[in-house]
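Single chain ahead, written as structure tokens, the form predicted on its own.
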């Protein structure tokens, strides 16, 4: 049989198969382009403006005066900025570590059928529904002198630990950190619950048959299957730790004596309280660079691990 006889017969008048392209309806383009336009206008354009403003001195009135790298030079000679940067390191480690450990532990504990499990999940996630500002006000009441925390300590015989938690420079940052973790842990729990639902139970059963204990099954079998969730959790945690603002501002406004100042609160204070927009933009650029650096470094390391 010849090659001509084997070739498929194309109907007369039909367009070539390679030239056929499905036409995208205008409504689909509208749903794609309108959100993109809003994102460009409200997110990317202000972000680019922050980069340009960081090289100027401007109080919001009149023309901005170019100052080159002067704002960045001032940053590293500013003791409040150094304190805020140091606090952000503590915040990222404490907020990220406690949220992830707590959320993962709760997800593992509640990833099983049982009576009332849904109620426990909802109760733990409920603080995430409350805004950060309201959460801050709630914990201010908890920490106030003679408040529920002091009363609880007195009831269990630890009255000597009672103090003004938010007015003491040694405890203020950690008191706010506990409030932030209390809200975040439910969100991390939900992310890990979704990941655990996608794990293959047969692998864990096979490991149990081979004699692996509960910890070995979790660390060697379950955790590798949560690699994708870990990437999401890491990105969310880093971004949230660097942009934390509402709860700190509601509880302490960066005080006492700037001991709870974070990069985000110091940026707001410089940009909108003192109306030093150029200096505040320089702090915003530092936050952006730190977030991108952490996330890209983590993703590169994850990619290399997968290749190995």
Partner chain sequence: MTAMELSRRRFLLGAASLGSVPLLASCVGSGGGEAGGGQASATITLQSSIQDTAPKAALEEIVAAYQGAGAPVTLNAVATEQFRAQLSTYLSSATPPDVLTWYAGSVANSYAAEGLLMDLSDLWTGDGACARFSDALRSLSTSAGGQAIFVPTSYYWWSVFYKKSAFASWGVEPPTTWDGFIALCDQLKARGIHPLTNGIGSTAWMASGWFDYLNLRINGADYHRALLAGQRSFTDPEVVAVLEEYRRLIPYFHPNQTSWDSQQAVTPMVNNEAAMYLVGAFVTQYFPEDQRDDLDFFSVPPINPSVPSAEEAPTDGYFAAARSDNPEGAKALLSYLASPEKQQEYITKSGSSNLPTSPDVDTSGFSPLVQKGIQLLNNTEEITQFFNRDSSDALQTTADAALTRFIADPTDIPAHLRDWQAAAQQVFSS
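Residue numbers count along the first chain shown, from 1. Keep in mind the model is a prediction, meaning the values are calculated, not measured. Whichever C-alpha set is largest while still superposing within 1.5 Å between the two forms counts as the rigid core.
Beyond what is shown, the protein has a form predicted together with the partner chain; the following relates to that form.
Can you pick out, from 227, 86, 74, 220, the residue that has a heavy atom within 4.5 Å of the partner chain in the predicted bound form? In short, 74.
Exactly one residue in 36, 64, 43, 30 has a non-hydrogen atom within 4.5 Å of the partner chain in the predicted bound form; which is it? Among 36, 64, 43, 30, a heavy atom within 4.5 Å of the partner chain in the predicted bound form occurs only for 30.
Would residue 131 count as touching the partner chain in the predicted bound form under a 4.5 Å heavy atom rule? The answer is no: residue 131 has no heavy atom within 4.5 Å of the partner chain.
Contact label in the predicted bound form: residue 122 to the partner chain, heavy atom within 4.5 Å: Result no; residue 122 lies far from the partner chain in the predicted bound form.
Closest heavy atom of residue 93 to the partner chain in the predicted bound form, within 4.5 Å or not? The answer is no: residue 93 has no heavy atom within 4.5 Å of the partner chain.
Test of understanding: in the predicted bound form, would residue 272 fall inside 4.5 Å of the partner chain by heavy atoms? Because a heavy atom of residue 272 falls inside 4.5 Å of the partner chain in the predicted bound form, the answer is yes.
Quick one: which residues from 228 to 255 get a non-hydrogen atom within 4.5 Å of the partner chain in the predicted bound form? If the 4.5 Å heavy-atom criterion is applied to the partner chain in the predicted bound form, 228 to 255 yields 249, 253.
Core superposed first: is there a CA shift of 2 Å or greater at residue 272 between this form and the one not shown? No, because once the rigid core is superposed, the C-alpha of residue 272 moves less than 2 Å between this form and the one not shown.
After a rigid core superposition, would you say the CA of residue 37 moves by 2 angstroms or more between this form and the one not shown, or not? It does shift by 2 Å or more.
For residue 61, state whether the C-alpha moves by 2 Å or more between this form and the one not shown after rigid core superposition. It does not reach a 2 Å shift.
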